[in-house]
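Heads up, the chain below is alone and in the form predicted on its own; it's given as structure tokens.
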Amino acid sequence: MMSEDNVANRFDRQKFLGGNAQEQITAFTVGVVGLGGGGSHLIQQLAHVGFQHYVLYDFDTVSFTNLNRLVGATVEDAEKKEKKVKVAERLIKGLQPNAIIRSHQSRWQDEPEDLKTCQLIFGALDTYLGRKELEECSRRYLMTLVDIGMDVHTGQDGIPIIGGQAIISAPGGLCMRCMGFLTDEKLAQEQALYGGIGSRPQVVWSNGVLASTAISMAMNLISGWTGAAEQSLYLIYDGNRMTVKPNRAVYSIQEPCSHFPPEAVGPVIL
């Protein structure tokens, strides 16, 4: 059991974030939608940093094919087909025994009320449509969304290419359409492949890089520790070159977001 002194000193090495940063972290409610490869890394780091209030969504259970990337999952979990939300809860409670966790083994769209209580949402979804719907919810209820995702495809020379992104979409800032990440073409192509996409390659290290980047982005938004917190940010991950760089095209966009006007917020009025 941890002594009171150990509890009090637990976050001493994060004091560079600012005098009241830990209080803000403790008070925040964070949502994580998708608890697989990237989402499990997010959960682990959020718990280490000290977040105490969580809203979790994932309808899936652990399988043996998850074990190459699902942080916190064990062979026993795969054998039992344990719920991914239960693995996430266990991971959080191992670091934050007093954490308040509201878990849903479902799509967030099926039980959205808890999600609306979050100040910050992390999305670790597989589809463009999923991202579109989650961003629409985050904008309507004035929540900041941090999205991560990765993919592997084969280049012209037959070499696998790992790529991904980490994006901040905050109310008042540019959205994922403004930044060029979400497009009608991508959504249409995905819809045409619906049901035939199959399993997508995933590896633990790429998910880890993107999740760590997302946590860093979020911590800067909360504490402003770098002195230059950005409300709109689109970082591109090149897994082959092992780099994370900003999408420079975003900095040239001068117009405000036209996809989510200020009046399009708040609950639907019937």
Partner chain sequence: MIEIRLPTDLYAHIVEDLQKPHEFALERVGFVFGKFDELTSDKSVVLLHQYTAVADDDYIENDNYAAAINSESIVKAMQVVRVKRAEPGCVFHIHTHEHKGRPSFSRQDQQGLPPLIPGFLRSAPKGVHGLILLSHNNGIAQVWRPTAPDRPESSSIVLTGKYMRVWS
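Keep in mind that what you see is a predicted model, and the values were worked out from it rather than measured. Numbering follows the first chain given and starts at 1.
Omitted from view is the form predicted in complex with its partner chain, to which the following refers.
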| item | value |
| --- | --- |
| Single option in L91, I101, V152, L120 placed near its partner chain in the predicted bound form, where near means a heavy atom within 4.5 Å | L120 |
| The single option of V75, A188, L142, I161 touching its partner chain in the predicted bound form, heavy atom within 4.5 Å | L142 |
| Interface membership of D114, its partner chain in the predicted bound form, 4.5 Å heavy atom rule | yes |
| Contact test in the predicted bound form: Q24 vs its partner chain, heavy atoms, 4.5 Å | yes |
| Its partner chain contact at G130 in the predicted bound form, heavy atom, 4.5 Å | no |
| Contact of S223 with its partner chain in the predicted bound form (heavy atom, 4.5 Å) | yes |
| Contact stretch among 82-90, 67-75, 180-188, 167-175 - heavy atom within 4.5 Å of its partner chain in the predicted bound form | 167-175 |
| Contact check for E136, Y237 and E255 against its partner chain in the predicted bound form, heavy atom at 4.5 Å | no |
| Closer or farther: C-alpha pair M242/S232 in the predicted bound form, relative to this form, given a change of 3 Å or more | closer |
| Direction of Cα pair change M176-Q231 in the predicted bound form, magnitude 3 angstroms or more | farther |
